[in-house]
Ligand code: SAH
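Read the single chain below, which is given as C-alpha coordinates and is the form predicted on its own.
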(Lines give C-alpha, C1' and ligand atoms only; values in the text may rest on other atoms or scores of the structure.)
Protein backbone atom coordinates (compact mmCIF):
# COMPACT_ATOMS: atom_id res chain seq x y z
CA UNK A 1 0.00 0.00 0.00
CA UNK A 2 1.47 3.34 -1.01
CA UNK A 3 1.83 5.89 1.78
CA UNK A 4 0.39 9.34 1.22
CA UNK A 5 1.38 12.51 3.05
CA UNK A 6 -0.08 15.99 3.52
CA UNK A 7 -0.45 18.07 0.32
CA UNK A 8 -0.12 15.07 -2.00
CA UNK A 9 -2.49 15.27 -4.99
CA UNK A 10 -4.44 12.06 -5.65
CA UNK A 11 -6.86 11.12 -8.42
CA UNK A 12 -9.68 8.97 -7.03
CA UNK A 13 -13.10 7.61 -8.00
CA UNK A 14 -15.74 8.28 -5.32
CA UNK A 15 -17.63 5.07 -4.58
CA UNK A 16 -19.60 5.81 -1.42
CA UNK A 17 -20.72 8.56 0.94
CA UNK A 18 -19.96 8.84 4.66
CA UNK A 19 -22.31 9.68 7.51
CA UNK A 20 -21.27 13.35 7.38
CA UNK A 21 -21.79 13.60 3.61
CA UNK A 22 -18.15 13.23 2.60
CA UNK A 23 -17.29 11.25 -0.53
CA UNK A 24 -15.35 8.01 0.03
CA UNK A 25 -12.93 6.49 -2.46
CA UNK A 26 -9.92 4.17 -2.45
CA UNK A 27 -6.52 4.32 -4.12
CA UNK A 28 -4.36 1.20 -3.84
CA UNK A 29 -6.36 0.12 -0.80
CA UNK A 30 -5.90 3.52 0.88
CA UNK A 31 -9.23 5.15 1.85
CA UNK A 32 -9.84 8.82 1.15
CA UNK A 33 -12.59 10.94 2.69
CA UNK A 34 -13.22 13.88 0.37
CA UNK A 35 -15.61 16.67 1.43
CA UNK A 36 -17.90 17.97 -1.37
CA UNK A 37 -17.31 14.92 -3.60
CA UNK A 38 -20.30 12.74 -4.48
CA UNK A 39 -20.58 9.06 -5.44
CA UNK A 40 -19.66 8.57 -9.08
CA UNK A 41 -17.27 11.54 -9.25
CA UNK A 42 -13.70 11.13 -10.46
CA UNK A 43 -11.78 13.86 -8.64
CA UNK A 44 -8.36 15.19 -7.90
CA UNK A 45 -8.03 15.70 -4.15
CA UNK A 46 -5.32 17.15 -1.92
CA UNK A 47 -4.37 15.20 1.22
CA UNK A 48 -4.97 17.39 4.28
CA UNK A 49 -4.52 14.89 7.11
CA UNK A 50 -3.02 11.44 6.63
CA UNK A 51 -3.21 8.34 8.81
CA UNK A 52 -1.80 4.84 8.28
CA UNK A 53 -4.67 3.45 6.18
CA UNK A 54 -6.83 6.49 5.42
CA UNK A 55 -6.71 10.23 4.89
CA UNK A 56 -8.93 13.30 4.81
CA UNK A 57 -8.65 15.25 1.58
CA UNK A 58 -9.93 18.46 0.02
CA UNK A 59 -11.62 18.46 -3.35
CA UNK A 60 -9.38 20.26 -5.84
CA UNK A 61 -11.04 19.44 -9.16
CA UNK A 62 -13.89 17.32 -10.49
CA UNK A 63 -12.31 15.47 -13.39
CA UNK A 64 -15.44 13.54 -14.40
CA UNK A 65 -18.72 14.55 -12.71
CA UNK A 66 -21.05 11.94 -11.29
CA UNK A 67 -24.50 11.49 -12.89
CA UNK A 68 -25.80 12.36 -9.40
CA UNK A 69 -23.89 15.66 -9.20
CA UNK A 70 -25.94 18.85 -9.51
CA UNK A 71 -25.01 22.53 -9.56
CA UNK A 72 -25.26 23.79 -5.94
CA UNK A 73 -27.75 26.69 -5.68
CA UNK A 74 -25.65 28.49 -3.03
CA UNK A 75 -22.21 29.92 -3.86
CA UNK A 76 -21.11 29.52 -0.23
CA UNK A 77 -21.92 25.81 0.04
CA UNK A 78 -18.29 24.65 0.25
CA UNK A 79 -17.29 27.22 2.85
CA UNK A 80 -20.37 26.98 5.05
CA UNK A 81 -20.76 24.08 7.43
CA UNK A 82 -24.54 23.99 7.10
CA UNK A 83 -25.27 22.22 3.80
CA UNK A 84 -23.16 19.12 3.19
CA UNK A 85 -25.19 17.64 0.32
CA UNK A 86 -25.95 20.53 -2.05
CA UNK A 87 -23.89 18.95 -4.85
CA UNK A 88 -25.95 15.73 -4.67
CA UNK A 89 -29.30 15.31 -6.45
CA UNK A 90 -32.24 15.37 -4.05
CA UNK A 91 -33.34 11.84 -4.96
CA UNK A 92 -29.85 10.63 -4.07
CA UNK A 93 -29.95 12.62 -0.82
CA UNK A 94 -33.06 10.70 0.21
CA UNK A 95 -31.40 7.40 -0.70
CA UNK A 96 -28.38 8.38 1.40
CA UNK A 97 -30.58 9.17 4.41
CA UNK A 98 -32.57 5.95 4.08
CA UNK A 99 -29.30 3.99 4.02
CA UNK A 100 -27.90 6.00 6.94
CA UNK A 101 -30.86 4.99 9.13
CA UNK A 102 -30.65 1.36 7.97
CA UNK A 103 -26.92 1.12 8.55
CA UNK A 104 -27.18 2.55 12.06
CA UNK A 105 -29.93 0.07 12.93
CA UNK A 106 -27.69 -2.79 11.81
CA UNK A 107 -24.29 -1.55 12.99
CA UNK A 108 -25.24 0.15 16.27
CA UNK A 109 -28.62 -1.39 17.09
CA UNK A 110 -27.54 -4.92 16.26
CA UNK A 111 -30.67 -5.66 14.22
CA UNK A 112 -30.40 -8.16 11.36
CA UNK A 113 -30.34 -6.46 7.91
CA UNK A 114 -33.24 -8.55 6.63
CA UNK A 115 -35.27 -7.65 9.74
CA UNK A 116 -34.68 -3.92 9.20
CA UNK A 117 -35.57 -4.22 5.52
CA UNK A 118 -38.83 -5.91 6.48
CA UNK A 119 -40.06 -3.16 8.83
CA UNK A 120 -38.53 -0.03 7.28
CA UNK A 121 -40.94 2.18 5.34
CA UNK A 122 -39.90 4.57 2.53
CA UNK A 123 -38.46 7.89 3.66
CA UNK A 124 -40.83 10.88 3.51
CA UNK A 125 -39.20 13.48 1.26
CA UNK A 126 -39.82 17.19 0.75
CA UNK A 127 -41.65 18.76 -2.16
CA UNK A 128 -39.22 21.70 -2.07
CA UNK A 129 -35.90 21.15 -0.23
CA UNK A 130 -35.06 24.89 -0.05
CA UNK A 131 -36.55 27.82 1.89
CA UNK A 132 -38.00 25.43 4.46
CA UNK A 133 -36.57 26.72 7.77
CA UNK A 134 -38.94 28.84 9.87
CA UNK A 135 -36.11 29.76 12.26
CA UNK A 136 -32.63 31.16 11.71
CA UNK A 137 -29.94 32.30 14.16
CA UNK A 138 -27.32 34.58 12.63
CA UNK A 139 -24.09 35.54 14.44
CA UNK A 140 -23.07 39.18 14.09
CA UNK A 141 -19.42 40.19 13.85
CA UNK A 142 -16.81 41.99 11.78
CA UNK A 143 -14.64 40.94 8.86
CA UNK A 144 -10.85 41.42 8.60
CA UNK A 145 -11.35 45.02 7.50
CA UNK A 146 -13.60 45.76 10.47
CA UNK A 147 -16.85 45.87 8.49
CA UNK A 148 -20.02 44.71 10.20
CA UNK A 149 -21.23 41.37 8.87
CA UNK A 150 -23.71 38.63 9.63
CA UNK A 151 -24.08 35.16 8.15
CA UNK A 152 -23.09 31.68 9.24
CA UNK A 153 -19.98 30.09 10.66
CA UNK A 154 -17.66 28.31 8.27
CA UNK A 155 -17.49 24.57 8.91
CA UNK A 156 -15.84 23.67 12.25
CA UNK A 157 -14.89 27.30 12.93
CA UNK A 158 -16.27 30.49 14.45
CA UNK A 159 -15.32 32.51 11.39
CA UNK A 160 -18.42 34.20 9.95
CA UNK A 161 -19.17 33.89 6.24
CA UNK A 162 -20.97 37.08 5.25
CA UNK A 163 -24.31 35.98 3.79
CA UNK A 164 -27.68 37.54 4.54
CA UNK A 165 -29.65 35.13 2.34
CA UNK A 166 -29.19 31.49 3.30
CA UNK A 167 -31.28 29.49 0.84
CA UNK A 168 -32.58 27.17 3.57
CA UNK A 169 -34.15 30.14 5.36
CA UNK A 170 -37.15 32.23 4.38
CA UNK A 171 -36.65 35.04 1.88
CA UNK A 172 -37.65 37.67 4.48
CA UNK A 173 -34.42 37.05 6.43
CA UNK A 174 -32.34 39.05 3.97
CA UNK A 175 -34.24 42.32 4.32
CA UNK A 176 -34.39 42.01 8.10
CA UNK A 177 -30.63 41.41 8.39
CA UNK A 178 -29.66 44.16 5.97
CA UNK A 179 -31.84 46.65 7.85
CA UNK A 180 -30.24 45.60 11.14
CA UNK A 181 -26.70 46.00 9.76
CA UNK A 182 -27.54 49.40 8.29
CA UNK A 183 -28.96 50.52 11.65
CA UNK A 184 -25.78 49.35 13.40
CA UNK A 185 -23.53 51.20 10.93
CA UNK A 186 -25.52 54.45 11.11
CA UNK A 187 -25.65 54.43 14.91
CA UNK A 188 -22.18 53.02 15.59
CA UNK A 189 -23.56 49.94 17.35
CA UNK A 190 -20.77 47.42 17.91
CA UNK A 191 -20.76 43.68 17.20
CA UNK A 192 -19.73 41.16 19.83
CA UNK A 193 -16.16 39.85 19.71
CA UNK A 194 -15.80 36.34 21.12
CA UNK A 195 -12.07 36.85 21.75
CA UNK A 196 -12.32 40.00 23.84
CA UNK A 197 -15.86 39.60 25.17
CA UNK A 198 -16.56 43.19 24.07
CA UNK A 199 -19.22 44.53 21.71
CA UNK A 200 -22.99 44.67 21.96
CA UNK A 201 -24.91 42.64 19.33
CA UNK A 202 -24.17 38.90 19.41
CA UNK A 203 -26.85 37.17 17.32
CA UNK A 204 -30.14 37.77 15.56
CA UNK A 205 -32.93 35.22 15.85
CA UNK A 206 -35.65 35.32 13.18
CA UNK A 207 -38.80 33.19 13.15
CA UNK A 208 -41.71 32.99 10.76
CA UNK A 209 -45.14 31.43 11.08
CA UNK A 210 -45.62 29.66 7.76
CA UNK A 211 -49.42 29.52 7.86
CA UNK A 212 -49.97 33.22 8.61
CA UNK A 213 -46.71 34.93 7.57
CA UNK A 214 -46.07 36.41 11.04
CA UNK A 215 -42.45 37.43 11.67
CA UNK A 216 -40.45 37.60 14.91
CA UNK A 217 -37.04 39.23 15.40
CA UNK A 218 -35.01 38.82 18.58
CA UNK A 219 -31.68 40.68 18.94
CA UNK A 220 -29.26 38.97 21.35
CA UNK A 221 -27.07 41.51 23.16
CA UNK A 222 -24.02 41.27 25.40
CA UNK A 223 -25.64 42.64 28.56
CA UNK A 224 -27.27 41.44 31.73
CA UNK A 225 -31.00 41.97 31.88
CA UNK A 226 -31.75 45.25 33.67
CA UNK A 227 -34.27 45.30 36.50
CA UNK A 228 -36.30 48.09 34.94
CA UNK A 229 -37.47 48.68 31.41
CA UNK A 230 -35.29 51.04 29.40
CA UNK A 231 -33.67 51.55 26.04
CA UNK A 232 -31.70 48.36 25.52
CA UNK A 233 -30.11 49.38 22.19
CA UNK A 234 -28.62 52.74 21.16
CA UNK A 235 -31.17 54.75 19.18
CA UNK A 236 -33.52 51.79 19.56
CA UNK A 237 -36.39 53.66 17.93
CA UNK A 238 -34.41 53.86 14.68
CA UNK A 239 -34.15 50.09 14.50
CA UNK A 240 -37.86 49.78 15.21
CA UNK A 241 -38.67 52.31 12.50
CA UNK A 242 -36.85 50.10 10.00
CA UNK A 243 -38.17 46.72 11.06
CA UNK A 244 -41.80 47.55 11.82
CA UNK A 245 -42.33 48.66 8.21
CA UNK A 246 -41.57 45.16 6.92
CA UNK A 247 -44.64 43.10 5.91
CA UNK A 248 -45.66 40.50 8.46
CA UNK A 249 -43.62 41.90 11.38
CA UNK A 250 -45.37 40.93 14.60
CA UNK A 251 -42.79 40.76 17.38
CA UNK A 252 -39.43 42.46 18.10
CA UNK A 253 -37.53 41.67 21.28
CA UNK A 254 -34.13 41.79 22.95
CA UNK A 255 -32.46 38.77 24.58
CA UNK A 256 -29.75 39.27 27.21
CA UNK A 257 -26.66 37.06 27.19
CA UNK A 258 -23.56 38.39 28.96
CA UNK A 259 -21.98 34.97 29.42
CA UNK A 260 -18.74 33.88 27.77
CA UNK A 261 -20.37 30.88 26.14
CA UNK A 262 -21.33 29.30 22.83
CA UNK A 263 -24.97 29.20 23.97
CA UNK A 264 -26.82 31.65 21.74
CA UNK A 265 -29.77 32.73 23.88
CA UNK A 266 -29.82 33.90 27.47
CA UNK A 267 -32.76 33.26 29.78
CA UNK A 268 -34.29 36.76 29.79
CA UNK A 269 -36.24 38.34 26.94
CA UNK A 270 -37.87 41.78 26.79
CA UNK A 271 -40.35 42.68 24.05
CA UNK A 272 -39.60 46.13 22.61
CA UNK A 273 -42.34 46.25 19.99
CA UNK A 274 -45.49 44.30 19.16
CA UNK A 275 -46.41 40.98 20.73
CA UNK A 276 -44.13 38.68 22.77
CA UNK A 277 -45.10 35.72 20.59
CA UNK A 278 -46.19 34.69 17.12
CA UNK A 279 -48.51 31.87 16.10
CA UNK A 280 -48.34 28.99 13.68
CA UNK A 281 -50.66 26.15 12.76
CA UNK A 282 -49.90 22.47 12.22
CA UNK A 283 -52.29 20.27 10.24
CA UNK A 284 -52.79 16.55 10.74
CA UNK A 285 -52.05 14.60 7.56
CA UNK A 286 -53.09 11.16 6.36
CA UNK A 287 -49.75 9.36 6.10
CA UNK A 288 -51.30 6.26 4.52
CA UNK A 289 -52.56 8.13 1.45
CA UNK A 290 -50.39 9.27 -1.45
CA UNK A 291 -49.59 12.96 -1.20
CA UNK A 292 -50.32 12.96 2.56
CA UNK A 293 -53.50 15.10 2.37
CA UNK A 294 -54.83 17.10 5.34
CA UNK A 295 -57.43 15.29 7.42
CA UNK A 296 -59.18 18.53 8.36
CA UNK A 297 -57.77 18.54 11.91
CA UNK A 298 -55.30 21.25 12.92
CA UNK A 299 -53.72 22.84 15.99
CA UNK A 300 -52.51 26.38 16.68
CA UNK A 301 -49.29 27.00 18.61
CA UNK A 302 -47.88 30.07 20.37
CA UNK A 303 -44.15 30.50 19.79
CA UNK A 304 -41.83 32.68 21.90
CA UNK A 305 -38.13 33.40 21.22
CA UNK A 306 -37.12 30.68 23.69
CA UNK A 307 -39.63 28.06 22.49
CA UNK A 308 -38.53 24.82 20.92
CA UNK A 309 -40.50 24.42 17.70
CA UNK A 310 -39.53 22.21 14.77
CA UNK A 311 -37.76 24.30 12.13
CA UNK A 312 -39.45 22.70 9.10
CA UNK A 313 -43.22 23.12 9.56
CA UNK A 314 -44.28 21.32 6.36
CA UNK A 315 -42.33 18.18 7.23
CA UNK A 316 -43.23 18.50 10.91
CA UNK A 317 -46.85 17.93 9.97
CA UNK A 318 -45.82 14.66 8.32
CA UNK A 319 -43.53 13.63 11.19
CA UNK A 320 -46.10 14.25 13.93
CA UNK A 321 -48.88 12.68 11.88
CA UNK A 322 -46.67 9.61 11.52
CA UNK A 323 -46.11 9.54 15.29
CA UNK A 324 -49.87 9.79 15.79
CA UNK A 325 -50.42 6.90 13.38
CA UNK A 326 -47.81 4.76 15.17
CA UNK A 327 -49.39 5.50 18.58
CA UNK A 328 -52.55 3.70 17.41
CA UNK A 329 -54.90 5.64 19.69
CA UNK A 330 -58.59 4.79 20.05
CA UNK A 331 -59.64 7.32 22.69
CA UNK A 332 -59.11 4.99 25.69
CA UNK A 333 -55.36 5.34 26.15
CA UNK A 334 -53.20 7.14 28.72
CA UNK A 335 -50.06 8.59 27.12
CA UNK A 336 -46.78 10.05 28.41
CA UNK A 337 -45.02 12.45 26.04
CA UNK A 338 -41.41 12.94 27.13
CA UNK A 339 -39.34 15.94 25.98
CA UNK A 340 -42.65 17.53 24.99
CA UNK A 341 -41.45 21.09 24.25
CA UNK A 342 -44.40 23.46 23.77
CA UNK A 343 -46.77 20.51 23.50
CA UNK A 344 -46.79 19.97 19.76
CA UNK A 345 -46.90 16.16 19.80
CA UNK A 346 -48.79 16.07 23.12
CA UNK A 347 -51.74 18.00 21.75
CA UNK A 348 -51.79 15.93 18.57
CA UNK A 349 -52.09 12.85 20.78
CA UNK A 350 -54.64 14.39 23.16
CA UNK A 351 -57.20 14.69 20.35
CA UNK A 352 -57.22 10.88 20.12
CA UNK A 353 -56.28 9.78 23.67
CA UNK A 354 -58.03 9.60 27.03
CA UNK A 355 -55.27 11.49 28.86
CA UNK A 356 -51.81 12.83 27.97
CA UNK A 357 -49.00 13.81 30.34
CA UNK A 358 -46.13 15.90 28.95
CA UNK A 359 -42.67 16.44 30.45
CA UNK A 360 -40.15 19.15 29.48
CA UNK A 361 -37.16 20.70 31.29
CA UNK A 362 -37.71 24.25 29.95
CA UNK A 363 -40.23 26.03 32.18
CA UNK A 364 -41.20 28.59 29.53
CA UNK A 365 -41.95 25.77 27.08
CA UNK A 366 -44.30 24.16 29.62
CA UNK A 367 -46.05 27.48 30.16
CA UNK A 368 -46.50 27.72 26.40
CA UNK A 369 -47.72 24.11 26.27
CA UNK A 370 -50.41 24.81 28.86
CA UNK A 371 -51.54 27.91 26.99
CA UNK A 372 -51.53 26.00 23.71
CA UNK A 373 -53.78 23.36 25.27
CA UNK A 374 -56.29 26.04 26.34
CA UNK A 375 -56.07 27.75 22.95
CA UNK A 376 -56.93 24.52 21.16
CA UNK A 377 -59.72 23.58 23.57
CA UNK A 378 -57.86 20.56 24.94
CA UNK A 379 -58.47 19.68 28.60
CA UNK A 380 -57.00 16.16 28.75
CA UNK A 381 -53.31 17.19 28.60
CA UNK A 382 -51.29 17.88 31.76
CA UNK A 383 -47.71 19.19 31.68
CA UNK A 384 -44.80 18.90 34.12
CA UNK A 385 -41.53 20.86 34.35
CA UNK A 386 -38.39 18.76 34.81
CA UNK A 387 -36.01 16.30 33.26
CA UNK A 388 -37.78 13.24 31.89
CA UNK A 389 -35.21 11.01 33.60
CA UNK A 390 -36.12 12.63 36.95
CA UNK A 391 -39.86 13.21 36.59
CA UNK A 392 -40.60 9.65 35.45
CA UNK A 393 -38.78 7.86 38.32
CA UNK A 394 -40.42 10.24 40.81
CA UNK A 395 -43.88 9.32 39.58
CA UNK A 396 -42.92 5.69 39.39
CA UNK A 397 -41.98 5.74 43.08
CA UNK A 398 -44.89 7.86 44.32
CA UNK A 399 -47.84 6.72 42.20
CA UNK A 400 -47.81 2.94 42.40
CA UNK A 401 -50.98 1.55 40.83
CA UNK A 402 -51.91 4.83 39.15
CA UNK A 403 -52.61 4.97 35.41
CA UNK A 404 -49.76 7.46 35.22
CA UNK A 405 -47.45 4.66 36.26
CA UNK A 406 -48.59 2.18 33.62
CA UNK A 407 -49.56 4.18 30.54
CA UNK A 408 -50.73 2.57 27.34
CA UNK A 409 -48.29 4.58 25.21
CA UNK A 410 -45.05 6.45 25.82
CA UNK A 411 -43.84 8.90 23.17
CA UNK A 412 -40.26 10.18 23.30
CA UNK A 413 -38.69 12.93 21.19
CA UNK A 414 -35.31 13.52 22.88
CA UNK A 415 -32.44 15.82 21.87
CA UNK A 416 -29.64 14.54 19.65
CA UNK A 417 -27.92 12.72 22.51
CA UNK A 418 -30.92 10.40 22.89
CA UNK A 419 -32.60 9.20 26.08
CA UNK A 420 -30.87 9.16 29.44
CA UNK A 421 -30.22 5.68 30.91
CA UNK A 422 -32.50 6.43 33.87
CA UNK A 423 -35.27 7.47 31.48
CA UNK A 424 -34.97 4.25 29.46
CA UNK A 425 -34.91 2.16 32.64
CA UNK A 426 -38.04 3.84 33.98
CA UNK A 427 -39.82 3.47 30.64
CA UNK A 428 -39.20 -0.27 30.83
CA UNK A 429 -40.51 -0.38 34.42
CA UNK A 430 -43.67 1.43 33.33
CA UNK A 431 -44.10 -1.21 30.57
CA UNK A 432 -46.46 0.62 28.24
CA UNK A 433 -48.09 -1.44 25.50
CA UNK A 434 -46.49 0.76 22.82
CA UNK A 435 -43.55 3.14 22.55
CA UNK A 436 -43.25 5.72 19.78
CA UNK A 437 -39.70 7.04 19.48
CA UNK A 438 -39.08 10.19 17.41
CA UNK A 439 -35.40 10.95 16.87
CA UNK A 440 -33.19 13.53 15.16
CA UNK A 441 -30.16 11.21 15.34
CA UNK A 442 -30.50 7.66 14.06
CA UNK A 443 -27.22 6.64 15.77
CA UNK A 444 -28.42 7.39 19.31
CA UNK A 445 -31.84 6.06 18.33
CA UNK A 446 -30.30 2.72 17.34
CA UNK A 447 -28.39 2.60 20.64
CA UNK A 448 -31.59 3.22 22.66
CA UNK A 449 -33.67 0.79 20.60
CA UNK A 450 -31.16 -1.94 21.40
CA UNK A 451 -31.84 -1.33 25.11
CA UNK A 452 -35.63 -1.17 24.74
CA UNK A 453 -35.76 -4.30 22.59
CA UNK A 454 -33.52 -6.05 25.09
CA UNK A 455 -36.05 -5.10 27.77
CA UNK A 456 -39.09 -6.75 26.27
CA UNK A 457 -40.07 -4.68 23.24
CA UNK A 458 -40.17 -5.49 19.55
CA UNK A 459 -39.45 -2.93 16.84
CA UNK A 460 -42.45 -2.97 14.48
CA UNK A 461 -42.01 -0.01 12.12
CA UNK A 462 -39.40 2.61 11.33
CA UNK A 463 -39.52 5.50 8.88
CA UNK A 464 -37.35 8.49 8.06
CA UNK A 465 -38.72 11.98 7.47
CA UNK A 466 -36.45 14.47 5.73
CA UNK A 467 -36.69 17.59 7.88
CA UNK A 468 -33.34 18.97 6.77
CA UNK A 469 -32.90 18.96 3.00
CA UNK A 470 -29.35 19.60 1.72
CA UNK A 471 -27.88 18.45 5.05
CA UNK A 472 -26.88 15.02 6.39
CA UNK A 473 -29.46 15.15 9.17
CA UNK A 474 -32.70 13.15 9.12
CA UNK A 475 -35.60 12.63 11.53
CA UNK A 476 -36.86 9.12 12.27
CA UNK A 477 -40.08 7.82 13.77
CA UNK A 478 -40.45 4.25 14.98
CA UNK A 479 -43.01 2.11 16.75
CA UNK A 480 -42.28 -0.57 19.35
CA UNK A 481 -44.71 -3.05 20.88
CA UNK A 482 -44.36 -4.94 24.13
CA UNK A 483 -43.69 -8.62 23.50
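Numbering follows the first chain given and starts at 1. Keep in mind that what you see is a predicted model, and the values were worked out from it rather than measured.
Same protein, other form: the form predicted in complex with the named molecule, not shown, and the subject of what follows.
- Message: Is residue 139 near the named molecule? Define near as a heavy atom within 4.5 Å, in the predicted complex.
- Response: Output for residue 139 is no: heavy atoms all beyond 4.5 Å of the named molecule.
- Though only this chain appears here, would residue 386 touch the named molecule in the predicted complex if you measure heavy atom gaps against 4.5 Å? Output for residue 386 is yes: heavy atoms within 4.5 Å of the named molecule.
- Message: residue 344 versus the named molecule, in the predicted complex: is there a non-hydrogen atom within 4.5 Å?
- Response: Yes.
- Does any heavy atom of residue 153 come within 4.5 Å of a heavy atom of the named molecule in the predicted complex? Close contact is absent here: in the predicted complex, residue 153 is far from the named molecule, nothing within 4.5 Å, heavy atoms only.
- Pick from 240, 362, 378, 281: which has a non-hydrogen atom within 4.5 Å of the named molecule in the predicted complex? Selected residue: 362.
- Message: Give me the residue from 340, 105, 335, 219 that has a heavy atom within 4.5 Å of the named molecule in the predicted complex.
- Response: Going through each option in turn, the one that passes is 340.
- Among 307-315, 94-102, 76-84, 189-197, the region lying within 4.5 Å of the named molecule in the predicted complex by heavy atom distance: In the other structure, the partner sits against 307-315.
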